[in-house]
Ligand SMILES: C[S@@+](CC[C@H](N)C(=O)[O-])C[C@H]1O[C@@H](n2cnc3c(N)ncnc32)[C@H](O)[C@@H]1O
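Before any questions on binding or motion, here is one chain by itself as structure tokens, the form predicted on its own.
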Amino acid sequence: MRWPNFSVPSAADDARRAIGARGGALRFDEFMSVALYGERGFYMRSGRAGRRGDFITSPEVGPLFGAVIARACDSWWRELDSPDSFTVLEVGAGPGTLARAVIAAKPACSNALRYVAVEVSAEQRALHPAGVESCAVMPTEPFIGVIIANELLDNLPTRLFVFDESWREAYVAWEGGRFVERLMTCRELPRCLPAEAAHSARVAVQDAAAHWVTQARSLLTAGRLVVLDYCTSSPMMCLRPWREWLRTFTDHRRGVHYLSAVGEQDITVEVALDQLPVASVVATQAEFLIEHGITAMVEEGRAAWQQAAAAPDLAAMAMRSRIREAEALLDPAGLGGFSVVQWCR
């Protein structure tokens, strides 16, 4: 007797179908799109930030990060002469952790604030807090305010080039029961690629990230775009081992090779700043947080804890936690070393 096949369709199945539809090979950015954002992709299935998720980003360290962002929003609101309507558009909002912390901080701009949280995953949108507009796609109407993208660009699908006597583009095929890489000649090479490189050197070509920045900036009639991510440059990618800047993650651990466990792990690529439109301001996350008052907030927390230490309540313990949170957020070897890139209008 032959038993029926009850196997559940997966992102790997979707990738194999896409490869067949493309004649046997799928460009790497298309493969990455299926693996992360396809119907059964990592972010559409279960991938998320948080202590119960797959990785920790700055908002998940604790509420301090969101409180500093709230202060920054007040500063940017006042720069624009305190308009009656001020939109904060957070893209890649996940379960709404940052939005929740910003709103809880009760910024001075609260009466003017319209907080819009964009998240592709319906499961994560369902977790967004009250007081935000939750949506799956970017709005199309221009506005005055701020666009924030925390660790978004590193997840946007990227093309991949490998130096093999000359630059060739990486495609993904299905051979011998597994996904394999095929290198193909590209008719027109991207200008960001160095003229010469060591054998097997790699560079990610981030057309989607550059396009996203351009489109996001076009939504702002006045204000700024603020991107927080781990960044590099095309020449540095070329010189470094590719496993340092092209990584996978799942369940708070480094994952396996990016062609394995398709849809079951995050694929993340450091952002090459030279491939993006020229920014107005680039700083480290530590510099950015200090500029917007994290040091004073930590001292405020320390003083509140010392005052209530004899009989601490939950509020006092929350203030005490600012010390630990700041250490993680300012760590130059960790989150503090991330780049904060801003484009002003």
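Keep in mind the model is a prediction, meaning the values are calculated, not measured. Position 1 is the first residue in the sequence shown; the rest follow in order.
Another form, the form predicted together with the named molecule, is not on view; read the next lines as being about it.
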Query raised in the report: Of these, 88 to 96, 270 to 278, 253 to 261, 69 to 77, which stretch puts a heavy atom within 4.5 angstroms of the named molecule in the predicted bound form?
Result: 88 to 96
Requested in this report: Considering only heavy atoms, tell me if Glu151 and the named molecule come within 4.5 Å of each other in the predicted bound form.
Outcome: yes
Requested in this report: Would you please decide whether Leu156 lies within 4.5 angstroms of the named molecule in the predicted bound form, comparing each non-hydrogen atom pair?
Outcome: yes
Query raised in the report: Is there a heavy atom of Phe288 no more than 4.5 Å from a heavy atom of the named molecule in the predicted bound form?
Result: no
Query raised in the report: Heavy atom to heavy atom, is Val118 within 4.5 Å of the named molecule in the predicted bound form?
Result: yes
Query raised in the report: Given that the named molecule is left out here, which of Gln124, Thr248, Ser134, Thr232 has a heavy atom within 4.5 Å of it in the predicted bound form?
Result: Gln124
Query raised in the report: Are there residues in 20 to 44 with a heavy atom within 4.5 Å of the named molecule in the predicted bound form, and which are they, in order?
Result: Tyr37, Tyr43
